[in-house]
Structure formats: C-alpha cells, structure tokens
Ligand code: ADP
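First comes one chain, alone, set out as structure tokens in the form predicted alone.
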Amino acid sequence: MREFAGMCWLKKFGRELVLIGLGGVALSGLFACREPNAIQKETRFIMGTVCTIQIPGPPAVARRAMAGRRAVREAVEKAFARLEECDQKFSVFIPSSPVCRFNQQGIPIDDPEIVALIAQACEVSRLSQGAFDITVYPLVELWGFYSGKPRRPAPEEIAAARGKIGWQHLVITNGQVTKKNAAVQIDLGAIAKGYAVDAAMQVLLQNGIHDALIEAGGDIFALGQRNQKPWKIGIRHPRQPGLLDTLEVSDRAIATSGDYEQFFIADGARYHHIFDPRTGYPATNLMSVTVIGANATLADAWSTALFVLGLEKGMKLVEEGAVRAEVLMLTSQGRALSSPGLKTIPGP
C-alpha cells in the first residue's frame, strides 16, 4: 500500500485538469474523456442509471475495418440490447424478472446466467467475510433509498431487518438458487451493472469492435485503445471539484463505490446507500473506493466489498492476492492510498 501523491496535485491543478487534461464528461463516479474523432457515441437510461457507449476513431478507419458507419451503429444497438436484457433479468423492480419473483414469491432461480452471477457474488461474500452481501435488500428498502425518501430507522427496525440478511441463506444446487430463510431477498445492484458492462463489451467484440468505452453508472470497461493510445479515465473526487486522479488503461475495467451518489444528512451525519450487512448501518471510514481489474463484474463487487471493509482490512485482502485488481481508496480524512501496482498519470 502506498500513499497517493496525486492528492497534492489535485488541490493545485484539479480544476484545470477537467478543462485541459481531459475535457471530461461526468459519468457517475468516473469521467470518460471526450473523443473529438468519435464516430459513434450514445447514451441511454438503463438499469436505473446512465449508460454510454463510445467508439473512437475517424470514419475512414471504420470503413476499412468493418464496412463503415452502419456496421458500427448495428454493433452499438446490439450492445444496448444486451444491457436491456440484463436489466430485465436482474431487476428487483420488474415483476417478471426471476430476481423479483424470487424475492416476492420465493420462486427458485434457474436461469443459468443469473445462477452463475449469484455464485460469483457469494464467492466475494466468502472472501470478504460477509462485507459484500447481495441479501442486503431489506436494509436498503428500510432506509428508504428505493422509495426516494431516505430516513434513519430506529435501532429496533434495523435489528429486525438484519434478521432477514445473510448470504449463507442462499443455496445453489442442481442449477438452482433457493433460500433457507423465506424472508431473504436479494439485490444484485452491486454486481449486476458490472456484469452488464462485461456482457455489452463481449457483444461489441463479437461484432468486430475492438476499441470502445462502455460505462454504466460508474462501472467502465475500456476496450482496446483510443486512437492508438490507452484510454484516459478520470476518477471523481467525492468532495472537491475536479478529479482525484487520472488513469491510463486498455482492456481493463474500472468501478467506483462512494458515499456521494445517494446519501442524506441527519443531525450533521452523512448516511449513504452502501451498507455494512453486519451492522445494518452505512459503512464508515472511506469516501470512495476505485477498483481496476480484468472484468467489470468483479471490479463492481469488490469496490463495494472493500468500501465496507475499510482501509486496513481491504488493502490487506488486495496485498494477499484475494482481490486480483489494483485499488485506490480515499479515506474520510481525505487521504488517498493505492495498491503498489496502480499506475496513474502524474500531475503537471
């Protein structure tokens, strides 16, 4: 673990960086660079968040590589269709989704794609000793983040909700997910957006697109390059204008979890939507966690898990190899620390 020198750079140059260094567009927890030669860039609202796909390069390149702009357009449409398909499968709000039927009616989940994703989520739960838990749905609902009317529940309400939580209550056998406790409900929001990004990326590859930027609510996959150079991704600072840092990445996923997207203030305290399943309260000690890894699915899940674990326990897992990714953490005191292998773009 190393303390991140970029903090001092940010204080001095952060505002200029947004305008000069990146010319960035704010996309949830991250900033994706504007591409002056982009031949295709489209944004849609899917999975309750903003999703963007950007294909870089002058039109002549696309014409030589894959018969022109129309082929690019078709590939992008197919990628968005895949994102929509993931929304239909994983949503807790769409009545026909297997997840919603599992929650409300106790109907076992037998869709192989969902079963496999739940298995991945349970493995992160095991490695993080319960810091990550997809059965946290009752807590998020209790605190009012689903209704748009957040509140601080009474301690006895939180204790009752905790009785409905526990990834160990999920049973995966014979290609099905069932539950030991009928009150258990799952929420795949902390892993499904990353999975959807990976799925959309695979669609682009299958349709001849090897350079693209896919973003969904703070989860990004930087596929290939941007005009023969790595993609530049800026990490938003949770409290200050501008960026915490910028990264150069190719064929890597980036996911950020922070306390600044959904929160409310009560009696001078900040309460946000990232809960510690073991306490029933929002996790403390960190402002944000960014994970850079080989796929967006696990980057998404681990950004939440590490946020809950906190600096020392989280970095220990990274250094021990349980988390196969690089990490940047910002503490509640404003200290930025990163894993040893993280490479960033130095300040001016």
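On a predicted model such as this, the values are computed, not experimentally measured, just so you know. Residue positions are given as counts along the sequence shown, with the first one as 1.
Note that the form predicted together with the named molecule isn't included here; everything after this is about it.
Judged against the named molecule in the predicted bound form with a 4.5 angstroms heavy atom cut-off, the residues Arg236, Ile254 and Gly293 are out of contact without exception. Although the partner is absent here, Glu261 is a contact residue: one of its heavy atoms lies within 4.5 angstroms of the named molecule in the predicted bound form. Although the partner is absent here, Glu215 is not a contact residue: none of its heavy atoms lies within 4.5 angstroms of the named molecule in the predicted bound form. Looking at Asp187, you'd find a heavy atom of it within 4.5 angstroms of the named molecule in the predicted bound form. Shown alone here, Ala200 lies farther than 4.5 Å from the named molecule in the predicted bound form, counting heavy atoms only. Residue-level contacts in the predicted bound form: of Ile220, Ala196, Ala79, Ile134, one residue has a heavy atom within 4.5 Å of the named molecule, and it is Ile134. For the candidate set Thr297, Ser288, Thr304, Gln54, a heavy atom within 4.5 Å of the named molecule in the predicted bound form is found for exactly one residue, namely Thr304. Heavy atoms within 4.5 Å of the named molecule in the predicted bound form are found in exactly one of 101-109, 187-195, 245-253, 223-231, that being 187-195. Shown here without the named molecule, the chain has only Val308 in 308-325 lying with a heavy atom within 4.5 Å of that partner in the predicted bound form.
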